[in-house]
Structures are given as structure tokens and as C-alpha cells.
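So here's one chain in two forms, each on its own in C-alpha cells, numbered structure 1 and structure 2.
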Structure 1
């Protein structure tokens, strides 16, 4: 009964603000602010003001950089919440769900045991990491950015501990250290904003970074700095969640 009441209260607390405050524009309304002048301003000025040919990146980490900082913080808090919820490690690891175990190759072996580990270590994992770095530093001018780069790094860690299953993973990041790294990402993002204030500007006003270069290049430096923070935050959060889950779940069929 207590859990039921808690769930009902949570649903009410979420629905009431949406029903009581009608502050968001109707989706597709041609007279809404985004469709009348905001989007047009971004399209016409993003390249010149943000020095970023990728207008998506310009909007996310420049025009609305403050919002994106809190999105990164929310990801960190999500990983921290998982660690807190799964803090009590069980006495024995729980077998993976049967649907994962039914994934077999033609010879009847589990899919994750058919991969050549040498190829995984020497080719696949380094290529993914190199691509993650490429996506990070080219997100300003092309597709990609911090969220994608962080996810790629997290996927590399996942492959390393689930498929290769070495005693020492490629990163060798314990749960507590991964959580600290996840928090360091939003910290880099926040400190970038503090630097712009020290330069005499507003928070995350990149052209006020105290460096003796053109303001357009300052935007590039600011965008890159916060993207690095996002990458570290996302990768650290994913690794934190994976570490917490892998302590409780066994994917090894031999240990049934």
C-alpha cells in the first residue's frame, strides 16, 4: 500500500504542473516564437556568431549552453542514483535474463563468446576510441559531439568487460572512480562558464574568454571545452552504470 501511494503521489506531482501551467507553445504552431523569429535568427547568425558550420552544435552548446549543462548534470545524477540503488552487492551474481542467453550462433554457442578477442582488443576497440575522439573534436563542424563521443567510449568499455572479459579491462575504472569521473565532466562545463565571467562576460559567453584571439575563435574554444566536459560526463555515467550492473549480473553461461 505504501508503494502504491508513493507511485500515485509521484504521478500527481508530475501531471499537475503540466495541467496547471500552459507555458509551452503548441507543436507546429506557425505563430509560436520558435517559428516566427527564434529559428530564423539561429539559421541566419549561427555560423557568424558561433564560428560553427554545424548549426545543431551552435544551438545546443552555444545559444542554449546553459540548458545543455544541466542536461549533462542530470545524466551524472542518473548514474549516481543507480549506484546508490544498487549499493548493496548481492552475495552471488544474478544470471542474465534468458532472452540474452538465447542469442546463439549456428554452433549453439552464445553470441558474445564467438568474437575473436585478439581482433576485438587490437582492432575494434582502438578504432571505436579513435572514432570517439574524431566525433568529439569534429562535432563543431560536422555531425557528432560530446554526447555521441561519450556513448562510444562507454560502448568500448561495455565490449571490453562483456565480450573480451579480461581480468583488467581496457580502462580499469572501479565504480567509485567512474562516478567521480562522471562528475568531473559537468565540472569542466561549469568552470568554462566561470572563466567567461572572469573575462567580464556573462556565464558561458564564450567571446569573453580571456585569451588574445578573435571572438569567433573564442567561441570555438568554448564549444570544444564544454564538449570535452560532456564527453567525460556521458562516458563516466555509462561506465558507472555498467559497473553497478555487472556486479550483480552474470553473463557467463558456465556459472549457472
Structure 2
């Protein structure tokens, strides 16, 4: 009954907006409302005002820096709330799904359908990390930015957890410590703003950083500092969530 009513209501709600499609702009129209007013200003002035050829970076960390600061704070708070929700010691770990437990090797020990450890750690992870650093520091010139770099670093830690046994980890970052690391991201971001205030400007007004160089370089320095903060925040939050969830689940090759 619930399903029939739902389906009927959804079909109605998909069909009704056909009348509203006239309001929406035509795809790819350069003269449509979302493509004209403020976006033209961003495109035409991003290089002179922010010294950032990548306009997306100019928008998110220069024109709309407050927005990004609080998005990073939201990420940190999400990691913190995961730590708080999962703060208690579980009575027993939830076992992994049975389809993962069936495979055994010749000695009768369980094996999982995982990737090769040697290839993963010695070949793929360094490449991912180099790419993350490139994306972080080159984010204002070409495609990239702090969020992507943070996600890449978090994914490297995920690969480590996937391929290495849990009682012998390469990096061991407990969830509370990872949340503390994530907190440094918004801190670096906020301190950048305070430095610009000390230089006599407004909060996050990068060309007032008190250094004796050209104002375009100052913008580059400000953007890079902010991106480093974003990277640390995102990577720390991903590691926090991953560790908090993984320590609740038991696999066959655990010793405890």
C-alpha cells in the first residue's frame, strides 16, 4: 500500500514540472541568467585580482573564502561527531559479511579478494601521493585544489587499511588523533585570515599579508595556505571516519 501511493505520488511529481521547464534556461545558452551576472565578473577578473588562472579555485578560496572556511569546519565537525557517536567500547565487533569469509588458501587460512600488497604499497601509493601534492600546490594554476588533494591522501590511507593486516599497520592513526589532525585544517584557514588582519586588511584579504612582495604573489601565498588547511581538514576527516567505522568490524584474520 505504502509503495503504490509512493509510486503514484512520484509519477505526479515528475510529470508536473514539465510545465515549469519553460522557466529553466536552455542548456548551453551563454545569455541565460546563471551564466551572465556574477559569473562573467569572476571569469574576467580572476587573473588580475586573484592571480589564479583556475577560476574555480579563485571562486572558492578567494571570492567565496568564507563559504569554504565553514565547509571545512563542517567536515571537521562531521569527523568529530563520528568520534563522539562511536565513543563507547563495543561488546563485540560486527563480523564481516559471510561472502567475504568463504575463500581459503591452501593452508586453510582465510583470504580476501584483495589487491596485491607489494604492487599497492610500492607502486601505486607513491604515485597517488605525488599526484595529491601536485594537485594541492598546482591547484590555482591548473585543475585541482585542496578538496581533491585531501581526498587523495585519505584514499591512500584507505588502501593501506585494505592491503595490510590490522595488527601490523604501517601508519596507525587512532580515530581521536585523526580528528585532532583534521582540526588543524580549519585552524590554518582561520590563522591565514588573522594574518591578513594583522597586515591591516580585512579578514582573508590576501593582498594585505605583511610580506614585502608583489600583491599577485601575496594572493598566491594566501590561496596556497588556505588550500593546505583544506587538504589537512579533508584528509583528517576521511581517516577519522574510516578508522571509527573499521574498528567496529571484525575480519577473519584478526587475532583479537
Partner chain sequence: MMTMINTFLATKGIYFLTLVLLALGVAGIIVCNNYMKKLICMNVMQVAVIFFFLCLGQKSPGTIPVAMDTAVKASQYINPLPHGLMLTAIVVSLGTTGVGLSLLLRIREKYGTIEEDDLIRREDLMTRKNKDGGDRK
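What you see is a predicted model; the values in this text were computed from it and never measured. Positions refer to the first chain, counted from 1. Rigid core (definition): largest C-alpha set, two forms, superposition within 1.5 Å.
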Practice prompt. Report the structure number, 1 or 2, for the form predicted alone.
Written response: 1
Worksheet item: Just checking, between structure 1 and structure 2 and with the core aligned, does residue 213 shift 2 Å or more at the CA?
Response: no
Worksheet item: Against the rigid core, is the Cα displacement of residue 30 between structure 1 and structure 2 at least 2 Å?
Response: yes
Item to complete: Any chance you could measure the C-alpha shift of residue 6 between structure 1 and structure 2 with the core superposed, in Å?
Response: 22.7
